[in-house]
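Just the one chain here, the form predicted on its own, laid out as structure tokens.
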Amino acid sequence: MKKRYLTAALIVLSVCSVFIGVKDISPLDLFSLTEQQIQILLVSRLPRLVSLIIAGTSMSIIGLIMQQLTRNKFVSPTTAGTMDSARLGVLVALMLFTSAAPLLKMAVAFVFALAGTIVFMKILDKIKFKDAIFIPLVGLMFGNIISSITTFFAYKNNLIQNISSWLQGDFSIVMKGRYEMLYLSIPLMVIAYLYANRFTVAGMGEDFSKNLGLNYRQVVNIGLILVAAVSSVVLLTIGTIPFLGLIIPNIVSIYRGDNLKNNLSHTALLGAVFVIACDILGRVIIYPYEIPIGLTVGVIGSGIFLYLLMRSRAYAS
């Protein structure tokens, strides 16, 4: 889990990602690129790589923030109803504003994602039995209820095909002019870094935070806003990437402990490495066809999630 190893892995995988695709472009071709190859690199391959890195880092970091604020290692945007609430927001935007601009969709999705996350936090406050595995199960049930409502209204308004496009993450649609909204995640990650120590203190509980003079509610609200905003941006640009915000922070904390600020850079690097690796796997496994990254991350992530569950049970006993 050393930073230099993660950086080296990121560089190697990034280079591999640029040169993998249906149209053959090798590193040697860089010295004599045709106009078509230049177009492929600038319009498709490089935007895809940038979006992979931004989505991987941002989703991993907001997963880390959620786990810190809820004090539960199995909470993430996909197990707390955040992504499901954002999808409901996208549906509402499509119903009310038939030709809505991406920024308007993002704004509506953000409002719904934030509201859904706040509701989940309120449910969390009411639950007395705060078992590590019970809490994310409550989040999954909450998310499934929202997802059912979304599906019902999508069927009723003949929008099921539109809303299905946000069910599964897919980087094959990323091209120049269709991914730039992801850049909004970068300033949000800067804010997350600036508030990292406060998130760490807030994760110790409301009473402890107030004794240290921290405005607990303000810090939690800022964290939830970051989670909702990044979730909305990634959902609208890429789609849902399951388990990413859950497994990456857990893997980092196993090796480096629970200090959020110390773990931010490692979480970002590992998230980017994991997403690029899954994307490359999805592109080569049935080449020249492609498996959506939501499927590859879901299969690998679910296996790691089960391992983490069994590991936590083993340590508890």
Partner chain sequence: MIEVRDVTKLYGGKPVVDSVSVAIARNQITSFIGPNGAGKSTLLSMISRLADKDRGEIFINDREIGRYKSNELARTVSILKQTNHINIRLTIRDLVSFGRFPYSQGRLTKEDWRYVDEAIRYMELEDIENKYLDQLSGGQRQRAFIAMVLAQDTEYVLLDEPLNNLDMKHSVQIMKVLRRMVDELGKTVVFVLHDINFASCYSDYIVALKGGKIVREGPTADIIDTPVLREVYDMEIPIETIGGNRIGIYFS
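Please read all numbers here as calculations on a predicted model, not as lab measurements. Positions refer to the first chain, counted from 1.
Form predicted together with the partner chain: not shown, discussed below.
E180 falls outside the set of residues with a heavy atom inside 4.5 Å of the partner chain in the predicted complex. The closest heavy atom approach of K122 to the partner chain in the predicted complex falls outside 4.5 Å.
The partner chain in the predicted complex comes within 4.5 Å of no heavy atom belonging to S51.
Of the heavy atoms in F152, none are within 4.5 Å of the partner chain in the predicted complex. Contact with the partner chain in the predicted complex, defined as a heavy atom within 4.5 Å, is made by all three of R71, Y255 and N259.
Residue heavy atoms within 4.5 Å of the partner chain in the predicted complex occur in exactly one stretch of 197-205, 171-179, 138-146, 77-85, and that stretch is 197-205.
Interface residue among N162, N157, N211, Q218 relative to the partner chain in the predicted complex, by the heavy atom within 4.5 Å criterion: N211.
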